[in-house]
Ligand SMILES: Cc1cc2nc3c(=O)[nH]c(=O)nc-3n(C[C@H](O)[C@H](O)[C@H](O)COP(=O)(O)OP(=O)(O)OC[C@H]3O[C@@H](n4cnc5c(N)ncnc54)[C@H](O)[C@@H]3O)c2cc1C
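To begin, one chain is listed below as structure tokens, in the form predicted on its own.
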Amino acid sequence: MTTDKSYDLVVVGAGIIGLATAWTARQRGLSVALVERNAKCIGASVRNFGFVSVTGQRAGEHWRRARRTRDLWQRIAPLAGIKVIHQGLNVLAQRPEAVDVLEAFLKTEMGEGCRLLSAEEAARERPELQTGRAVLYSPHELRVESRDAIPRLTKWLEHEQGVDFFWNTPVLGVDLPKVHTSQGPLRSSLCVICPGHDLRTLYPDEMAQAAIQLCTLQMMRVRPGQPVRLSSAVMSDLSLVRNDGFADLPEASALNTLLQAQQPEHLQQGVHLIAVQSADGSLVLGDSHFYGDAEFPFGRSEVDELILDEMHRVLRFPGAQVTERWTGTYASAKEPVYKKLLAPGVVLGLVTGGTGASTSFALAEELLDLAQNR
């Protein structure tokens, strides 16, 4: 590292949390260096759905993070040349117990702006969905193509926002005003560490004490045999016992009991449906959840079949053909985010519930507030 330049902030990690933190810092007038151990972002931020979701997030602070982040995505995306491919969410309820959950959800503050379509309305307005008892429609969600959006956001931050990027540069330690890297030290007043699912390189004891582990999930891209257009992203009954904003409602207990009897294998493998559409008409489809101390390197065909089975229960998607399969991984803990001031000006921050795209920009504000002692 040949630079003698000093920065107001060094961000460690070029996933969506690190990128959001860099942008937020530039809005506050700080000079920023972003240091990434890989040649580009290859983690959860590019392997995910690109689904910026509000509906279904944990009630309270995390739901408000999602709303704030959605608003900032809407502001930033056109500036960075990122296309919003579609908006909104449809949750197809196929059981009376699922309808009960959705009706209860609509009575909370999180139901603002959402509406419940009857079976007859859904048949007219959502022909891509299978027959169900009702459909919850939320207008709050955005969908971007994460594989494209993250590189575009990175390029925009570098060329238009003045963020200095240092790639292929692992950070070895932080002792402000120095951030020690494999290429030499950087000088900075503040440091925000956004390690994603790397729980071992920096401050592993802190993350172990917080009981943070890894979640591995299976995903795929599916193309239809004939053109099908989704009006919005799609979820199913399984999502209502998975996503905290629904699952924490008392009415979700009866649905969970029923699903344990009717779809026990789906629940055992952590399968719930998210389907989002790309510009070429294909779907990004998932997912499953396996927890442990390390990433599971191998996907299992029977888990993919469970995901596809749920897709066919919910969507009219004839001639579906899987064209890509991959695994993703993210840090997971009981709370949806982890943030800690490690030393004056040094903050560690992770999204620990798989909602990085949905809550990144709001969390970035919190991390900078903590670093700046606001």
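Just so we're clear, the structure is a prediction, and the values are computed from it rather than from any experiment. Position 1 is the first residue in the sequence shown; the rest follow in order.
The same protein has a further form, the form predicted together with this ligand, not shown here; the description that follows concerns it.
Contact with this ligand in the predicted bound form, defined as a heavy atom within 4.5 Å, holds for exactly one of Gly111, Gly270, Pro170, Gly299, namely Pro170. Here the marked residues Val228, Glu305 and Ala320 all miss this ligand in the predicted bound form; none has a heavy atom within 4.5 angstroms. Shown alone here, Ala44 lies within 4.5 Å of this ligand in the predicted bound form, counting heavy atoms only.
Taking non-hydrogen atoms only, Gly328 approaches this ligand to within 4.5 angstroms in the predicted bound form. At the 4.5 Å threshold, heavy atoms of Leu202 reach this ligand in the predicted bound form. Although the partner is absent from this view, Val32 stays clear of this ligand in the predicted bound form, with no non-hydrogen atom inside 4.5 angstroms.
Contact with this ligand, judged by heavy atoms within 4.5 Å in the predicted bound form, is confined among 78 to 86, 241 to 249, 117 to 125, 217 to 225 to 217 to 225. Annotation for 177 to 204: interface residues with this ligand in the predicted bound form are Cys194, Pro195, Gly196, His197, Asp198, Thr201, Leu202 [heavy atom within 4.5 Å].
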